[in-house]
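Heads up, the chain below is alone and in the form predicted alone; it's given as C-alpha coordinates.
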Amino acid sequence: MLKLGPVEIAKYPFVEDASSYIRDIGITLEKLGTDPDLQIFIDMAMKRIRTAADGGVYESLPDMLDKRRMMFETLSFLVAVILLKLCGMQTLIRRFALAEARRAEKNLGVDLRIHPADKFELAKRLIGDLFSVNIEYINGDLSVPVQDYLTRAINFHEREWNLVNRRVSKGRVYLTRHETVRLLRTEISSYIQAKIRSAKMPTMQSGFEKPVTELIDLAKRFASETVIVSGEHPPCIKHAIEILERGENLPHSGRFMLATFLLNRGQSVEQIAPLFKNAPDYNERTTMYQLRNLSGESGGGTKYTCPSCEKIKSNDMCFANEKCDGIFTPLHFGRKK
(Lines give C-alpha, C1' and ligand atoms only; values in the text may rest on other atoms or scores of the structure.)
Protein backbone atom coordinates (compact mmCIF):
# COMPACT_ATOMS: atom_id res chain seq x y z
CA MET A 1 0.00 0.00 0.00
CA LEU A 2 1.21 3.47 -0.87
CA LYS A 3 2.76 5.27 2.09
CA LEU A 4 1.63 8.89 2.29
CA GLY A 5 3.32 11.81 4.01
CA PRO A 6 1.50 14.13 6.44
CA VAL A 7 0.54 16.62 3.71
CA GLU A 8 -1.06 13.89 1.59
CA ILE A 9 -2.79 12.35 4.62
CA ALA A 10 -4.39 15.73 5.34
CA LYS A 11 -5.56 15.92 1.72
CA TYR A 12 -6.75 12.31 1.53
CA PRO A 13 -7.50 11.32 5.14
CA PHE A 14 -9.80 8.48 4.07
CA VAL A 15 -6.77 6.30 3.26
CA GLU A 16 -5.79 6.31 6.92
CA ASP A 17 -7.04 3.95 9.58
CA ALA A 18 -8.69 6.14 12.22
CA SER A 19 -7.82 4.15 15.30
CA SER A 20 -4.18 3.58 14.36
CA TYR A 21 -3.61 7.23 13.39
CA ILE A 22 -5.07 8.52 16.65
CA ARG A 23 -3.02 5.98 18.60
CA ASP A 24 0.15 6.89 16.69
CA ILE A 25 -0.09 10.58 17.59
CA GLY A 26 -0.58 9.68 21.25
CA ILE A 27 -4.27 10.50 21.71
CA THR A 28 -6.58 7.88 23.14
CA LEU A 29 -10.26 7.74 22.27
CA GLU A 30 -11.09 8.27 25.95
CA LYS A 31 -8.96 11.40 26.07
CA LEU A 32 -10.48 12.68 22.86
CA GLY A 33 -13.94 12.32 24.34
CA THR A 34 -13.21 13.79 27.75
CA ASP A 35 -10.32 16.31 27.55
CA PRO A 36 -11.66 19.89 27.14
CA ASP A 37 -8.44 20.86 25.34
CA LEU A 38 -9.33 18.43 22.55
CA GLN A 39 -12.90 19.68 22.16
CA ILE A 40 -11.76 21.71 19.15
CA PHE A 41 -11.36 18.50 17.12
CA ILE A 42 -14.96 17.52 17.85
CA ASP A 43 -16.14 21.02 16.91
CA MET A 44 -14.22 20.87 13.63
CA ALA A 45 -15.57 17.41 12.90
CA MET A 46 -19.13 18.61 13.47
CA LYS A 47 -18.54 21.57 11.17
CA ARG A 48 -17.25 19.17 8.52
CA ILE A 49 -20.34 16.95 8.82
CA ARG A 50 -22.79 19.88 8.84
CA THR A 51 -21.15 21.34 5.73
CA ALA A 52 -21.55 18.00 3.97
CA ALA A 53 -25.17 17.67 5.12
CA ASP A 54 -25.93 21.07 3.59
CA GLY A 55 -24.46 19.96 0.27
CA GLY A 56 -21.20 21.85 0.68
CA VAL A 57 -17.57 20.80 0.63
CA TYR A 58 -15.33 21.41 3.61
CA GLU A 59 -12.65 23.94 2.77
CA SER A 60 -9.13 23.06 3.82
CA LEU A 61 -7.40 25.27 6.31
CA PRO A 62 -4.86 27.63 4.76
CA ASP A 63 -1.13 27.03 5.05
CA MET A 64 -1.12 23.27 4.66
CA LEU A 65 2.60 23.14 5.28
CA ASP A 66 2.05 23.88 8.94
CA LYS A 67 2.26 20.56 10.83
CA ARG A 68 -0.34 21.56 13.42
CA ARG A 69 -2.83 22.50 10.74
CA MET A 70 -2.23 19.23 8.93
CA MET A 71 -3.03 17.37 12.14
CA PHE A 72 -6.25 19.40 12.48
CA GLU A 73 -7.24 18.48 8.92
CA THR A 74 -6.66 14.79 9.47
CA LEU A 75 -8.10 14.54 12.97
CA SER A 76 -11.26 16.47 12.12
CA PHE A 77 -11.98 13.91 9.39
CA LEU A 78 -11.26 10.93 11.63
CA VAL A 79 -13.32 12.29 14.53
CA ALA A 80 -16.15 12.91 12.05
CA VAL A 81 -15.95 9.23 11.12
CA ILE A 82 -16.14 8.26 14.81
CA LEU A 83 -19.20 10.46 15.39
CA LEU A 84 -20.92 9.21 12.23
CA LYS A 85 -20.22 5.65 13.24
CA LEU A 86 -21.71 6.25 16.70
CA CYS A 87 -24.84 7.98 15.39
CA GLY A 88 -25.35 5.38 12.65
CA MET A 89 -27.28 7.74 10.40
CA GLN A 90 -26.77 6.37 6.87
CA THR A 91 -28.10 9.55 5.26
CA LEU A 92 -25.36 11.59 6.93
CA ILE A 93 -22.70 8.98 6.14
CA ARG A 94 -23.67 9.04 2.46
CA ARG A 95 -23.69 12.84 2.25
CA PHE A 96 -20.39 13.06 4.15
CA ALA A 97 -18.78 10.52 1.81
CA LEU A 98 -19.98 12.43 -1.25
CA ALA A 99 -18.69 15.74 0.09
CA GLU A 100 -15.31 14.23 0.96
CA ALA A 101 -15.16 12.65 -2.49
CA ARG A 102 -15.68 16.08 -4.05
CA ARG A 103 -12.95 17.50 -1.80
CA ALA A 104 -10.60 14.71 -2.87
CA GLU A 105 -11.50 15.44 -6.51
CA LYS A 106 -10.38 19.01 -6.03
CA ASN A 107 -7.07 17.97 -4.48
CA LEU A 108 -6.44 15.27 -7.08
CA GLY A 109 -7.14 17.80 -9.82
CA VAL A 110 -4.31 19.93 -8.47
CA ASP A 111 -1.95 17.02 -7.84
CA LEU A 112 -2.42 15.57 -11.32
CA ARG A 113 -0.62 18.53 -12.81
CA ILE A 114 2.55 17.22 -14.38
CA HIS A 115 4.66 19.72 -12.45
CA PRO A 116 6.01 19.12 -9.96
CA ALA A 117 6.52 15.55 -11.11
CA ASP A 118 6.57 14.03 -7.62
CA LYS A 119 3.01 15.22 -6.92
CA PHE A 120 1.77 13.80 -10.20
CA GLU A 121 3.45 10.46 -9.54
CA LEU A 122 1.97 10.27 -6.06
CA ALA A 123 -1.56 11.10 -7.29
CA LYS A 124 -1.18 8.57 -10.09
CA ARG A 125 -0.04 5.87 -7.66
CA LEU A 126 -2.82 6.74 -5.21
CA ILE A 127 -5.47 6.29 -7.93
CA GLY A 128 -3.78 3.11 -9.13
CA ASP A 129 -3.62 1.62 -5.63
CA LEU A 130 -7.16 2.51 -4.57
CA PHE A 131 -9.08 2.07 -7.80
CA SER A 132 -6.81 0.04 -10.11
CA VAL A 133 -6.87 2.70 -12.83
CA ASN A 134 -3.70 3.19 -14.84
CA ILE A 135 -3.36 6.90 -15.68
CA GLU A 136 -0.78 8.00 -18.20
CA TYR A 137 0.39 11.43 -19.27
CA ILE A 138 0.80 11.57 -23.04
CA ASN A 139 1.56 14.69 -25.08
CA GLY A 140 -0.05 17.08 -22.64
CA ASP A 141 -3.17 15.02 -21.85
CA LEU A 142 -4.13 12.37 -19.36
CA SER A 143 -5.43 9.04 -20.57
CA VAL A 144 -6.96 5.88 -19.13
CA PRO A 145 -7.53 2.44 -20.71
CA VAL A 146 -10.79 2.15 -22.64
CA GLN A 147 -12.12 -0.63 -20.39
CA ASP A 148 -11.43 1.43 -17.24
CA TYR A 149 -13.23 4.35 -18.85
CA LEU A 150 -16.28 2.38 -19.95
CA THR A 151 -16.90 0.74 -16.58
CA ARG A 152 -16.96 4.16 -14.92
CA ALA A 153 -18.48 6.41 -17.58
CA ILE A 154 -21.66 4.34 -17.41
CA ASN A 155 -22.49 6.39 -14.29
CA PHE A 156 -22.79 9.55 -16.38
CA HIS A 157 -25.61 10.44 -18.70
CA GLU A 158 -24.40 13.63 -20.34
CA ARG A 159 -23.61 13.23 -24.02
CA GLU A 160 -19.98 14.28 -23.55
CA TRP A 161 -19.25 11.03 -21.68
CA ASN A 162 -20.28 8.79 -24.59
CA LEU A 163 -17.22 7.02 -25.95
CA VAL A 164 -18.02 8.19 -29.49
CA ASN A 165 -17.56 11.77 -28.26
CA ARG A 166 -14.13 11.11 -26.75
CA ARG A 167 -10.68 11.09 -28.28
CA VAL A 168 -9.50 7.47 -28.31
CA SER A 169 -6.10 6.27 -29.46
CA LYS A 170 -4.23 2.99 -29.05
CA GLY A 171 -6.72 1.63 -26.55
CA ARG A 172 -6.73 4.70 -24.32
CA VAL A 173 -9.30 7.46 -23.74
CA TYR A 174 -7.99 11.00 -23.39
CA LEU A 175 -9.34 13.21 -20.63
CA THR A 176 -8.68 16.52 -18.94
CA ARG A 177 -7.55 16.51 -15.32
CA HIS A 178 -11.02 17.57 -14.22
CA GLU A 179 -12.67 14.77 -16.22
CA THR A 180 -10.19 12.20 -14.90
CA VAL A 181 -11.00 12.87 -11.26
CA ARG A 182 -14.71 13.33 -12.02
CA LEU A 183 -14.67 9.83 -13.48
CA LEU A 184 -13.62 8.53 -10.06
CA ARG A 185 -16.10 10.44 -7.89
CA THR A 186 -18.50 7.55 -7.39
CA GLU A 187 -15.66 5.19 -6.50
CA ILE A 188 -14.08 7.63 -4.06
CA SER A 189 -17.44 8.15 -2.40
CA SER A 190 -18.08 4.38 -2.26
CA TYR A 191 -14.58 3.83 -0.87
CA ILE A 192 -15.16 6.36 1.93
CA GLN A 193 -18.57 4.89 2.74
CA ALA A 194 -17.06 1.41 2.89
CA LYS A 195 -14.27 2.62 5.18
CA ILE A 196 -16.80 4.15 7.58
CA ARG A 197 -19.06 1.09 7.54
CA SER A 198 -16.19 -1.33 8.07
CA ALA A 199 -14.60 0.72 10.86
CA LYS A 200 -14.77 -0.83 14.31
CA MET A 201 -17.58 0.63 16.42
CA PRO A 202 -15.93 3.07 18.83
CA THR A 203 -16.83 3.23 22.51
CA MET A 204 -19.16 6.07 23.40
CA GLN A 205 -17.39 8.72 25.48
CA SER A 206 -19.10 11.41 27.54
CA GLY A 207 -17.86 14.13 25.21
CA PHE A 208 -19.39 12.40 22.17
CA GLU A 209 -22.94 12.10 23.54
CA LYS A 210 -24.08 15.65 22.78
CA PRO A 211 -22.70 15.83 19.18
CA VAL A 212 -24.07 12.36 18.40
CA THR A 213 -27.53 13.46 19.59
CA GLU A 214 -27.20 16.56 17.39
CA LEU A 215 -26.34 14.40 14.39
CA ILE A 216 -29.37 12.17 14.93
CA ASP A 217 -31.54 15.31 14.98
CA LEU A 218 -29.76 16.65 11.91
CA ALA A 219 -30.47 13.44 10.00
CA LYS A 220 -34.20 13.89 10.57
CA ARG A 221 -34.08 16.78 8.11
CA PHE A 222 -33.37 14.27 5.38
CA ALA A 223 -35.98 11.70 6.28
CA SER A 224 -37.55 10.91 2.91
CA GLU A 225 -41.26 10.80 2.49
CA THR A 226 -42.76 8.27 0.15
CA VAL A 227 -43.84 9.75 -3.16
CA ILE A 228 -46.70 7.65 -4.43
CA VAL A 229 -47.20 7.57 -8.16
CA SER A 230 -50.20 5.72 -9.46
CA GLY A 231 -49.43 3.18 -12.12
CA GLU A 232 -46.07 1.79 -13.14
CA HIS A 233 -43.07 4.09 -13.54
CA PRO A 234 -41.59 4.44 -17.04
CA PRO A 235 -37.96 3.20 -17.07
CA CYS A 236 -36.58 6.75 -17.54
CA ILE A 237 -38.42 7.91 -14.40
CA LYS A 238 -37.35 4.80 -12.46
CA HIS A 239 -33.76 5.47 -13.43
CA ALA A 240 -33.93 9.11 -12.35
CA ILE A 241 -35.37 8.15 -8.96
CA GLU A 242 -32.68 5.47 -8.49
CA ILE A 243 -29.94 8.02 -9.15
CA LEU A 244 -31.36 10.33 -6.48
CA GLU A 245 -31.82 7.46 -4.03
CA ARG A 246 -28.15 6.57 -4.44
CA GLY A 247 -27.28 10.17 -3.58
CA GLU A 248 -25.75 10.77 -7.01
CA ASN A 249 -26.03 13.80 -9.18
CA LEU A 250 -28.99 13.86 -11.54
CA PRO A 251 -28.44 16.21 -14.50
CA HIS A 252 -30.70 19.25 -14.81
CA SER A 253 -32.53 17.65 -17.74
CA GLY A 254 -33.25 14.60 -15.58
CA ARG A 255 -34.56 16.70 -12.69
CA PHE A 256 -36.82 18.62 -15.05
CA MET A 257 -38.14 15.38 -16.55
CA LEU A 258 -38.81 13.79 -13.14
CA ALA A 259 -40.46 16.86 -11.61
CA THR A 260 -42.72 17.61 -14.57
CA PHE A 261 -43.70 13.94 -14.87
CA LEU A 262 -44.78 13.74 -11.23
CA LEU A 263 -46.51 17.12 -11.30
CA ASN A 264 -48.50 16.08 -14.35
CA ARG A 265 -49.39 12.81 -12.63
CA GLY A 266 -51.08 14.85 -9.91
CA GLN A 267 -48.36 14.98 -7.25
CA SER A 268 -47.97 18.24 -5.32
CA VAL A 269 -44.78 20.26 -4.91
CA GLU A 270 -44.64 19.26 -1.23
CA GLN A 271 -44.94 15.56 -2.10
CA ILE A 272 -42.21 15.70 -4.74
CA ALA A 273 -39.62 17.87 -2.97
CA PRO A 274 -38.34 15.12 -0.58
CA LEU A 275 -37.16 13.08 -3.57
CA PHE A 276 -34.42 15.61 -4.16
CA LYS A 277 -33.08 15.64 -0.59
CA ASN A 278 -30.36 13.13 -1.43
CA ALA A 279 -28.98 15.17 -4.33
CA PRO A 280 -25.38 16.20 -3.52
CA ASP A 281 -26.19 19.85 -4.15
CA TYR A 282 -29.61 19.81 -2.48
CA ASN A 283 -30.85 23.18 -1.30
CA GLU A 284 -34.38 23.21 0.09
CA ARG A 285 -35.13 26.82 -0.84
CA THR A 286 -33.89 26.43 -4.43
CA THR A 287 -35.71 23.12 -4.87
CA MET A 288 -39.04 24.54 -3.68
CA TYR A 289 -38.60 27.63 -5.86
CA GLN A 290 -37.94 25.56 -8.98
CA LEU A 291 -40.76 23.11 -8.31
CA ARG A 292 -43.26 25.94 -7.78
CA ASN A 293 -42.15 27.50 -11.04
CA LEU A 294 -42.60 24.21 -12.90
CA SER A 295 -46.01 23.66 -11.33
CA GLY A 296 -47.21 27.13 -12.32
CA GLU A 297 -47.71 28.14 -8.69
CA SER A 298 -45.22 30.98 -9.19
CA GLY A 299 -43.37 32.68 -12.02
CA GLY A 300 -45.54 33.26 -15.05
CA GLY A 301 -48.21 30.82 -13.96
CA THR A 302 -47.33 28.34 -16.71
CA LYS A 303 -47.40 24.67 -15.75
CA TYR A 304 -44.65 22.84 -17.61
CA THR A 305 -45.30 19.50 -19.22
CA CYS A 306 -43.02 16.47 -19.24
CA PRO A 307 -40.55 16.46 -22.15
CA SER A 308 -41.17 14.18 -25.11
CA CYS A 309 -39.47 10.81 -25.47
CA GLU A 310 -37.48 12.23 -28.38
CA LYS A 311 -36.17 15.05 -26.18
CA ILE A 312 -35.37 12.61 -23.37
CA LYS A 313 -33.45 10.45 -25.84
CA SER A 314 -31.41 13.44 -26.98
CA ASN A 315 -30.49 14.06 -23.32
CA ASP A 316 -29.37 10.43 -22.88
CA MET A 317 -32.02 9.88 -20.23
CA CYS A 318 -34.03 7.28 -22.17
CA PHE A 319 -33.95 3.63 -21.06
CA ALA A 320 -36.88 2.40 -23.11
CA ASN A 321 -38.22 -1.14 -22.91
CA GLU A 322 -40.90 -2.94 -24.94
CA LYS A 323 -43.65 -1.25 -22.92
CA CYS A 324 -42.49 2.09 -24.31
CA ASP A 325 -43.30 1.12 -27.90
CA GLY A 326 -45.60 3.62 -29.56
CA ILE A 327 -45.55 6.31 -26.85
CA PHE A 328 -44.32 9.85 -27.36
CA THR A 329 -44.03 10.99 -23.76
CA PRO A 330 -43.48 9.19 -20.43
CA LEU A 331 -46.94 10.41 -19.42
CA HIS A 332 -48.44 7.91 -21.90
CA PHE A 333 -46.56 4.97 -20.38
CA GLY A 334 -48.82 2.13 -19.31
CA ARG A 335 -51.88 3.33 -21.19
CA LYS A 336 -53.74 0.73 -23.20
CA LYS A 337 -53.28 1.11 -26.94
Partner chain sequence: MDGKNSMNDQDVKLLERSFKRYYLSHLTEIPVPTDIAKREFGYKKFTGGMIRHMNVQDEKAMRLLLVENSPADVYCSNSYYLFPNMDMKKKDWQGADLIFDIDAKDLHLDCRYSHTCRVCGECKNVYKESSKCPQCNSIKHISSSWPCKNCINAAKKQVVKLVDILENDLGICADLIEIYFSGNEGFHVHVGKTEYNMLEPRARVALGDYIRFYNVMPETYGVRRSKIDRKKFPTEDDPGWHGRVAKKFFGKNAPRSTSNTEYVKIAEKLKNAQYTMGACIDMQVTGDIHRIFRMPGSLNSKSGLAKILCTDLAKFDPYQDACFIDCDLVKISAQCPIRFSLGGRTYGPYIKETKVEVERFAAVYMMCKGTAHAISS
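Numbering follows the first chain given and starts at 1. No experiment lies behind these values; they were computed from the predicted model shown. For clarity, a rigid core is taken as the largest C-alpha set superposing within 1.5 Å between two forms.
In what follows, reference is made to the form predicted in complex with its partner chain, a form of this protein that is not presented.
Exercise for the section: Let me know the one among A117, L163, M204, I216 whose heavy atoms come within 4.5 Å of its partner chain in the model of the complex, would you? Expected result: None of the others qualify; the residue that does is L163.
Practice task
Select from the listed residues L130, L78, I196, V146 the one whose heavy atoms reach within 4.5 Å of its partner chain in the model of the complex.
Solution key: So the residue touching its partner chain in the model of the complex, by this definition, is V146.
Problem - Candidate stretches 167 to 175, 258 to 266, 88 to 96, 118 to 126, one within 4.5 Å of its partner chain in the model of the complex by heavy atom - result: Heavy-atom contact with the partner occurs in 167 to 175.
Problem - Partner contact for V110 in the model of the complex: its partner chain, 4.5 angstroms, heavy atom - result: Judged by the heavy-atom cut-off of 4.5 Å, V110 is well away from its partner chain in the model of the complex.
Practice task
Indicate whether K238 is a 4.5 Å heavy atom neighbour of its partner chain in the model of the complex.
Solution key: No.
Exercise for the section: Please run the contact check for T151 against its partner chain in the model of the complex: heavy atoms, 4.5 angstroms, yes or no? Expected result: Result yes; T151 sits at the interface with its partner chain in the model of the complex.
Handout entry: is_contact(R159, its partner chain) in the model of the complex, heavy atom dist at most 4.5 Å
Key = Output for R159 is yes: heavy atoms within 4.5 Å of its partner chain.
Exercise for the section: For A320, decide whether the Cα shift between the shown form and the other one is 2 Å or greater, given a superposition on the rigid core. Expected result: It does, since the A320 C-alpha is displaced 2 Å or more between the shown form and the other one after the core fit.
Problem - in the model of the complex, shift in Cα separation for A320 relative to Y149, 3 Å or more - result: More distant in the model of the complex, by 3 Å or more.
Problem - Direction of C-alpha distance change in the model of the complex, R172 to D316 (at least 3 Å) - result: Compared with the shown chain, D316-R172 is farther in the model of the complex.
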